[in-house]
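There is one chain below, alone, in structure tokens, taken in the form predicted alone.
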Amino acid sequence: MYKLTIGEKTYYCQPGESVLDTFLRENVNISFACKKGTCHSCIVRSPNILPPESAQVGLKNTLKKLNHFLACLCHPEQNMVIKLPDQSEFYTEGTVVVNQLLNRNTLLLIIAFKDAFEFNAGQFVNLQRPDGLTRSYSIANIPQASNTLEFHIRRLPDGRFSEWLHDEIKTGDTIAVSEARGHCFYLPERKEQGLVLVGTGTGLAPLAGILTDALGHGHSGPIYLFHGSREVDDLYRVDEMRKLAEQHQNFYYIPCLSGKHVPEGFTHGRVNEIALATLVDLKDWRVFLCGHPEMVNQMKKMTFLKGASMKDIYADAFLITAT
């Protein structure tokens, strides 16, 4: 009989019971459906204990790395601390060390921490104002000795949080930052595998981190980055990406513009259409999609139809919240 701890409460898993069985018996509020590991409704996480391998069947590798598992398939082999998806997040205080514009409406915000901040490039965190208003933003850098997080934040019309960051936050100010979340990140495995990264607007933020991580780990397969916007003034870090493409023979950078004015060196069209036309067969490729929800959802379907396995499609759709 093993102890299952959620916050300050402890439950005892009886012999032969799964974690889900125990929680249902104890009236713990947990999502579930099939009870067979098919629907993934009962996915939970163990922050400090590696779950049994049998409880992670069918999960993406990035979820496995973060110790996520299916409660219905988990028969504990030791005492476990378990975090449910709806549990309150832990926030830590960071200090703004960089606050400058990347283009006419995108802010480069870098936050530093006294202690090491654990994350994987491509994950996201929640930033919180003193009044409790909270928004999610993707991390744009890889873990560094400086213990910093980099964000690319677009100013949204009537966006209370983005306008606050653009107009009021200054270097030296502090801000509350949640634990890193999300499973859209690179794992240094199958280094010969092709990678395709497709993003719109500030969708470049997580993709830039994923790209840096892959190149840093010596990924040898082809890497295609498609970054799209309507106008050239809304793209950023174009020269930096072109320089990376010159330095790495396996990296290809395609900046895409859907508007009427397309300068030399840019590709005309919607970023998703250009990506799909460029890469006809995506069998055995790993796919990362970040940006506008409509683009992300459409590309998840289309890349699957072009041969990519659902286990190899990682998506991070940006939700826009205004006043």
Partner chain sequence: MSKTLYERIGGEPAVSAAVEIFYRKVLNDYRINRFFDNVDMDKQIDKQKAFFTMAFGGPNNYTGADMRKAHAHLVEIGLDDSHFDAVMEHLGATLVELEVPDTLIAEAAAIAESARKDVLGK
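Everything quoted here is computed from the prediction, not taken from an experiment. Between two forms, the rigid core is defined as the largest C-alpha subset superposing within 1.5 Å. Numbering follows the first chain given and starts at 1.
Just so it is clear, the following notes concern the form predicted together with the partner chain, a form of the same protein that is not shown.
> So in the model of the complex, does residue 301 come within 4.5 Å of the partner chain, heavy atom to heavy atom?
So residue 301 counts as contacting the partner chain.
> I'd like to check something about residue 308: if you look in the model of the complex, is any of its heavy atoms closer than or equal to 4.5 Å to a heavy atom of the partner chain?
Close contact exists here: in the model of the complex, residue 308 approaches the partner chain to within 4.5 Å, heavy atoms only.
> Decide whether residue 297 counts as a contact residue for the partner chain in the model of the complex under a heavy atom distance cut-off of 4.5 Å.
So residue 297 counts as contacting the partner chain.
> Does anything in 162 to 192 come within 4.5 Å of the partner chain in the model of the complex by heavy atoms, and if so which residues, in order?
Not one residue comes within 4.5 Å of the partner.
> Does the C-alpha of residue 73 move 2 Å or more between the shown form and the other one once the rigid core is lined up?
True for residue 73: a C-alpha shift of 2 Å or more.
> Report the direction of the Cα distance change between residue 187 and residue 57 in the model of the complex, compared with the displayed form, as closer or farther; the change is 3 Å or more.
Compared with this form, residue 187 and residue 57 lie farther apart in the model of the complex.
> Do the C-alpha atoms of residue 182 and residue 73 sit closer or farther apart in the model of the complex than they do here, given a shift of 3 Å or more?
Closer together, by at least 3 Å.
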